[in-house]
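Below you'll find only one chain, the form predicted on its own, shown as structure tokens.
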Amino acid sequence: MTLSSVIDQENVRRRRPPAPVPREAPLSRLGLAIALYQNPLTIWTRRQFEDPIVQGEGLLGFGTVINDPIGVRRVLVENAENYRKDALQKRVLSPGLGDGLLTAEGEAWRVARRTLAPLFTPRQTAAFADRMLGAIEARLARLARRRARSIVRIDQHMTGLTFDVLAETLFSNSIPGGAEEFGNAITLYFNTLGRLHPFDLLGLPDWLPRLGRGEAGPALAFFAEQVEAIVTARRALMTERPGDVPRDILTLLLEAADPETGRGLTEREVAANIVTFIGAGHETTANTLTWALFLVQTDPRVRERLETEVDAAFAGSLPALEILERLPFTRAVVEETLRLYPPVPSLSREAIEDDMVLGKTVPKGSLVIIAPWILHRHRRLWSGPDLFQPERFLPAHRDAIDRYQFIPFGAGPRVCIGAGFAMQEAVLGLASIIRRFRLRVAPGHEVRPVHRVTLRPDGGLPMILEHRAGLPESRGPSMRP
């Protein structure tokens, strides 16, 4: 074997990020219940990564797993009215996210969506770009005080960074109890309430205690108190000193009204949507940045190209929006990260009436699963589906990707309302980090993805921090991460 072939094999290995190996056969009912509790990513079989649609009996009854863009479009767009969020999904999400946009159904959801849509238009999102970048740079300036080659929990720092962005754009940093505690309450929710408990899978009544769930109680109570205090203070400011009211998302939320009826949001709806924006937006973007930093350090070629693009983009004192326009490869890295590690790896729906999807009958009342984790790695849809190849998302190749084979933010009427906000934040965040640091996984740490409502590295991600300002000029690709 030649040296070049050894290097090629090593590069392929390093660009095949960690993921559970698909099973050859489905799990037993008991095995499925255990796997869903421990890590739902481990339940999928090889057939689901190869066939467009897979049906059969499961722990929750008859189910259909759809892995084809035409089927995805049918369920999420063309016949979306026939598919509602299933009871298990609502049981997991509702305790922490209340009746916000993510969990509402029917007419309540339609009213909320119409009311909240103006908060996240492209123009409004762009207006937050400079504030986003300011919050990111302030957080990274604190990280830069860390000693070179120290080991940092980069997942925790990304949680702090994305919370700082939300605190600035959502509340203008008017958090009375402290941003760190506020962010910790959300993280605890995903670690505890966000886990599928066997009692939930078996349909046992809610009054039976779920071990571990009680840990989230004090954190959620603190979170609710914080939201109430923030909203009360802002309403008072809007009444007493309207000229001093910041134009952030909270103000827009309190001013929002249904364009058809003129009705504003109730106090409960305001609070629930604040929780939703933070719970859904803060956690998912933090995980995306964490995974992106992990992926970049696996491929020196990608890292060097990123550094070159970022250094040029930040040359001079440009507004954040102009910097964004200079970051096509950075955006491609973020999108490839979202493909390999989608923030929400599985979407589930319940069929209200019988339907036909890809020539198969989907019975009334049955479970329908569209899993970005599978769709984004499907053998029929992607070349090198398990490899880290950001180039596939560059403008020259982007049109070859079907709208419904890449759905990190969902699709159809219930597509994530903050998708543009999240992408803007992630691209600015990754570029700012690459501009300052190089990171590599701490020796001895095994990176393993785990599904806890969102997709995160199990046990966090300790990384060795290097300051780029203190590094010698690169002399070509290194085989070390």
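Position 1 is the first residue in the sequence shown; the rest follow in order. It should be emphasised that the depicted structure is a prediction, and the values quoted were computed from it without experimental measurement.
Just so it is clear, the following notes concern the form predicted in complex with a small molecule, a form of the same protein that is not shown.
S.K.: Just to confirm, Trp44 within 4.5 Å of the small molecule in the predicted complex by heavy atoms?
M.R.: Because no heavy atom of Trp44 falls inside 4.5 Å of the small molecule in the predicted complex, the answer is no.
S.K.: Would you classify His157 as touching the small molecule in the predicted complex, given a 4.5 Å non-hydrogen atom cut-off?
M.R.: Output for His157 is no: heavy atoms all beyond 4.5 Å of the small molecule.
S.K.: Taking any heavy atom pair closer than or equal to 4.5 Å as contact, tell me whether Ile53 reaches the small molecule in the predicted complex.
M.R.: Flag for Ile53 set to no.
S.K.: Given that the partner is absent here, does Gly410 sit within 4.5 Å of the small molecule in the predicted complex, heavy atoms only?
M.R.: Gly410: yes, in contact with the small molecule in the predicted complex.
S.K.: Within 4.5 Å of the small molecule in the predicted complex: all of Lys85, Thr288 and Leu338, by heavy atom?
M.R.: Contact check passed for all of Lys85, Thr288 and Leu338.
S.K.: In the predicted complex, which of 346-354, 121-129, 222-230, 322-330 comes within 4.5 Å of the small molecule (heavy atoms)?
M.R.: Answer to the contact question: 346-354.
S.K.: Of the options Gly418, Pro449, Pro69, Pro40, which one has a non-hydrogen atom that comes within 4.5 Å of the small molecule in the predicted complex?
M.R.: Flagged contact: Gly418.
S.K.: Looking at Leu381, Leu295, Ile136, Ala280, which has any heavy atom no more than 4.5 Å from the small molecule in the predicted complex?
M.R.: Looking at Leu381, Leu295, Ile136, Ala280 one by one, just Ala280 meets the 4.5 Å heavy-atom criterion.
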